[in-house]
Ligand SMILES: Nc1ncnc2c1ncn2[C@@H]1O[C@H](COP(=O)(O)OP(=O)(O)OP(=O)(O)O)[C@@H](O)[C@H]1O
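Next comes just one chain, in structure tokens: the form predicted alone.
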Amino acid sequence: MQNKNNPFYGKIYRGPKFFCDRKEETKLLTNYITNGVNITLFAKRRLGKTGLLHHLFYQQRNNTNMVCIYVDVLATHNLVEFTNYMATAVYNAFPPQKTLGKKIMELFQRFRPTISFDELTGNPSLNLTITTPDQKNNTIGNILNFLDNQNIKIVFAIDEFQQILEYPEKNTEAILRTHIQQLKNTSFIFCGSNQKMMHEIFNSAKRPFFASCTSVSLEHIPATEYKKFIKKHFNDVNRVITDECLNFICDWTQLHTFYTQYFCYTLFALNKENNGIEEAKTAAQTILKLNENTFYQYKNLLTDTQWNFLVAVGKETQVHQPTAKKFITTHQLGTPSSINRSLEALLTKEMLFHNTGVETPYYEVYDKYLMRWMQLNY
């Protein structure tokens, strides 16, 4: 299915040509970072927040007065690893052959750094010697304060920021907040895909980051914009795609960015000059077949009660009241107490998503392909 000219499902940001819409979001975020506003950016997993961040930073690539630094901390397990990820991002943002890059390396030399290189990408990784409690608490502050004093605007985008709640250092929030609130030329975009954890960090009056940022929630791209985007890329290589096909794509993927892009990637890879409803159905079948082993693995990782409840939600597409008598009876789910236990477990495993950002909150299956597979097979 590999096609080097396939314009869809880019695993990395490839420029504005391959980026769909988000004009208003980009404009809003540009205004915020230009004015030094700290932001929390929340989006469901795989809805396109990382792509939006790279698109936002791409717009600033020629701005000599601003340096944008992206770091994903999902893989970190403690404050030391967080600091090393931040240090690596800073190291890569300022080439050592430049004057400021040399100054930054002089700063890092205080922590006896070791530099390793990723075997696959060749990207350098920095590991600082951080052993004492004082170093754990203050190294990140030293780095941020140094950058803040260089008379340039720095913007950090920290992706999957909710990961800090998993650290053994339970004072991580307080440490970071203490250092960040002293900065004058540095602003942050704190991003996360776990709604509950991000709200806990930023919306609880008892937490250090309470009321410290402007909140932005990323929603689905409108169907009209996605259809124009998809149609253009097919037409650019002299391929026809019908309105019926476009409607099927948008409905089947529910306009969730990852699933929509991957569907189009699969459809494009069929190499058909004319793409109608039958080609769309073929692409859908191909996707479900490719992912079937993963779906069975999901099933085997869950209890029967959890799986049956997940299937019930998937078949309904959206469920507003999971303990309602009609829903329980229709799907033969057992008692409300067992449903609540399954619900909590599936939310924790991020198999279900609870959308509380709408007037009437509802539950839905996170993986849209899994949802469609369950609708066909159960």
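Numbering starts at 1 and runs along the sequence shown. Small disclaimer: the values here were computed from a predicted structure and weren't measured. Think of the rigid core as the biggest set of C-alphas that the two forms share within 1.5 Å after superposition.
Not pictured, yet referred to below: the form predicted together with the ligand.
*Asks:* Within 4.5 Å of the ligand in the predicted bound form, heavy atoms considered, which of Thr172, Gln306, Gln261, Ser187?
*Replies:* Spelling it out, the residue with a heavy atom inside the cut-off is Gln261.
*Asks:* Counting any non-hydrogen atom inside 4.5 Å, which residue from His331, Arg46, Arg341, Lys315 sits next to the ligand in the predicted bound form?
*Replies:* Looking at the other structure, the residue within range turns out to be Arg46.
*Asks:* Which of these stretches, 50 to 58, 27 to 35, 306 to 314, 341 to 349, has heavy atoms within 4.5 Å of the ligand in the predicted bound form?
*Replies:* Heavy-atom contact with the partner occurs in 50 to 58.
*Asks:* So in the predicted bound form, does Phe18 come within 4.5 Å of the ligand, heavy atom to heavy atom?
*Replies:* Contact check for Phe18: yes, within 4.5 Å of the ligand in the predicted bound form.
*Asks:* Can Ile221 be called a contact residue for the ligand in the predicted bound form at 4.5 Å between heavy atoms?
*Replies:* Although the ligand is absent here, Ile221 would touch it in the predicted bound form, with heavy atoms inside 4.5 Å.
*Asks:* Taking the ligand as it sits in the predicted bound form, is His354 near enough to touch it, meaning that at least one heavy atom pair lies within 4.5 angstroms?
*Replies:* Contact check for His354: no, nothing within 4.5 Å of the ligand in the predicted bound form.
*Asks:* Residue-level contact is defined here as any heavy atom of the residue lying within 4.5 Å of the ligand in the predicted bound form; does Thr257 satisfy this criterion?
*Replies:* It does: once the ligand is placed as it appears in the predicted bound form, Thr257 has a heavy atom within 4.5 Å of it.
*Asks:* After a core superposition, would you say Val237 shifts its C-alpha by at least 2 Å between the shown form and the other one?
*Replies:* Shift at Val237: below 2 Å after core fit.
*Asks:* Given a superposition on the rigid core, I'd like a yes or no on whether Leu74 shifts its C-alpha by 2 Å or more between the shown form and the other one.
*Replies:* Yes, shifts by 2 Å or more.
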